[in-house]
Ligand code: URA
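Next up: a single chain in structure tokens, the form predicted on its own.
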């Protein structure tokens, strides 16, 4: 798998990452969502450099100009609910993309420190021969990303696969590296050192879904 860790080079991205981590700034939900969206835009821009293009003649009021234009059939798939702001950032740039949504959550059966990933709701167009962009803001254990991809397989075989995350743990990066093909690309804004006993990224930022939309009731 090709891993593109954008934190390895300093850019304005550092500011957005620091704000979503900061316990005081992240209390502003609107600002948190907007920062996730902006990070998605930056990741999307970097990813766009690796996609397919075709040459087209554009007519201006004063003449014609040969231009290389984006030429990929994109399907953006986000994991609900934390993935919504990240999805918006990607869609701001890939505005003609098709869209897929899936719910995947941790189910703690007996031990609060162990869980399985449950996939319930899924809406997806045909993926055959298209470029799949699978987005999840937090790449902790990597199990949600893998479970989501398994659930998408009945919809066809993508031509290319790109994974997009905001913050990941090294364990999660290693896990998806083992389960996705060598031609898969991972675009990530930062990779943290480790996971807690409950499988949360350390230092991370907390629960991205709760920070974006408010705490959820536990059932």
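Please read all numbers here as calculations on a predicted model, not as lab measurements. Numbering follows the first chain given and starts at 1.
One more form of this protein should be noted, the form predicted together with uracil (URA), which is absent from this view; the next part is about it.
Annotated contact segment (heavy atom within 4.5 Å of uracil (URA) in the model of the complex): 138 to 146, selected among 95 to 103, 120 to 128, 138 to 146, 69 to 77. Using a 4.5 angstroms threshold between heavy atoms, residue 207 counts as touching uracil (URA) in the model of the complex. In the model of the complex, residue 201 approaches uracil (URA) with a heavy atom inside 4.5 Å.
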